[in-house]
Each structure stands twice: as structure tokens, then as C-alpha cells.
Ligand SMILES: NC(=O)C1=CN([C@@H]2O[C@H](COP(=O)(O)OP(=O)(O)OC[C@H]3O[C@@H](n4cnc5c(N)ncnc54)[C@H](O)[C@@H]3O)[C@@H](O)[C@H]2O)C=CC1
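Just one chain is shown here, as C-alpha cells, and it is the form predicted alone.
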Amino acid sequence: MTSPLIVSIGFGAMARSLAASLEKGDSGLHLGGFLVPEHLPNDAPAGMQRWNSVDELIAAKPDLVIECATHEAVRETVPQLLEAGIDVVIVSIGALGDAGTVARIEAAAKTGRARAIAVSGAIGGLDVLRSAKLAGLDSVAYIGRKPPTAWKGTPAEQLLDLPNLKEATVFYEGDAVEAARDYPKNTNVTAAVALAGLGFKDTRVRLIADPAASGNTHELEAKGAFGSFHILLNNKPLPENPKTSWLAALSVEQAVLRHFSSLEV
């Protein structure tokens, strides 16, 4: 039986982690290649195929594509793949905070009879949140706490003296729309919560830089007709990228395994 062709958009820390983890596992699945712009260097492991354009990738007819790149890739590349009938796992789900992007993805998936799968990322409890939504939600809040180094390269650098921070400091408090827009590499989990619950505008977000934090902490709070719940996850960072929780990378692998499984639980 031929192994399915699984391809990533981008080949950064997330895609590399996925490739290594699949190789170690017993599923028989492998990351067969990746799509990156032609001007980027080719430093992929031997035996892995590279595509430089979407048209080339579509011609290869992959069985599943995992977007591990940017919001731009979600807006521009993912719809093209869906229209061609190719299922796509979306990792940069912060891009789904834009209603136009969501509409285009839904239309493309319908045209190509393909599936767009948004990963849960580093947060848990989304199954509970989706169920609770059916009875009516009053409030949903996400609190993200990470070491100062994890917020480098984000607007937090302009708001705080990250290298010399002495105590936990809240630097963002608002809705999931602005959080997903301003912190795209750090708050995909915010988008996952918003999509499962009240939407981007009505999901409250608080982001914290904490020098005492040894990893990334994610909290989810929700209240509604069902009652209330509070979930706290203390996640270790992905070794290759401290801005990403290890659990987020594992959620991508799990999405791949579920896609090719005959039984989903």
C-alpha cells in the first residue's frame, strides 16, 4: 500500500518537529516534502521533496497539506489548495480572525469538496467549550503567560523592558481580534478558543510576561447556561522555538494521525 503524500507549507520549527515525530512513531506516516519560496535555502533532510510554487504542489496531488507558515499563507495559498480538492490542516489559525479569510476558505472548500481543519494548538477543553456553546455562553476568557524571552519580536518589546522584567506583568488586555492580529506567532491558541466559543470580538484575552515562568501557561475560563469551567495547562516550550508550546506541535501531529485514522475519538 502506497504511503500517503503529506506536505507542509513552510519548513520551520513546527514542520521539522512534525517530521521528526512522525519518523519516530509507528503510524507509518511521513512528511514527504514542503512548499517554500524559491529564494529560501534548501536545508531539508535527504529524501524530502521541495516545491517552490502552489501550482507545482497541486500537480503532485498530495493527500494532505499542513500549513505551518504564516497568516499570508492561510489567506493566499490555503484557498488554492482547497479549490483543487486537497485537504489542509491550518496551524496559523489566528488568520481566521478575519471574516473575509474565513469566507474565502469556506467557499474554496465547498468548491473543491475538501476539508480545512483548524488545529486546537496548545489549549485543551475546546470540546467542552463547543458543547457548552450549544446551550449558550455568557463569557469566555483566555489568559496566556510566557517567559519574557517568548515575547521577543512582538509589540510587547515596545511596552516592556523584557530583559530586565522583575515580576509578572500584563501587557495586553482586550479582545481576540486584536490579540490575533498583533501577536500572530504567540496567540494562535486565542483563535482556537474564539472559534470554539463566542467568536473573536467577544472572547476576552489577557497576555502576561512572567520572568518566573519556566514554560508557557494557558488558561481558559467559560461561563454559561451549562455552568462554568476553568482549565489551566502548564506547557513546556518546543525545544526548537520557545515562542511555541510543545503541545501545539503535538496537536498538529494528532490532527494528521486523526485524518488518516478510520476511527476518531
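In this text, residue numbers run from 1 along the sequence as written. What you are looking at is a predicted structure, and each value in this text was computed from that prediction instead of being measured.
Form predicted together with the named molecule: not shown, discussed below.
Interface residue among A212, L232, L40, A59 relative to the named molecule in the predicted bound form, by the heavy atom within 4.5 Å criterion: L40.
Taking A156, A109, L195, A122 one by one, only a single residue has any non-hydrogen atom within 4.5 Å of the named molecule in the predicted bound form, and it is A122. Figure note: of the listed segments 109-117, 169-177, 89-97, 124-132, the one touching the named molecule in the predicted bound form, with heavy atoms no more than 4.5 Å away, is 89-97. Using a 4.5 Å cutoff between non-hydrogen atoms, Q49 does not count as a contact of the named molecule in the predicted bound form. Within this chain, D138 is remote from the site of the named molecule in the predicted bound form, having no heavy atom within 4.5 Å.
At the 4.5 Å threshold, heavy atoms of V78 stay clear of the named molecule in the predicted bound form, well away from it. In the predicted bound form, at least one heavy atom of E72 sits within 4.5 Å of a heavy atom of the named molecule.
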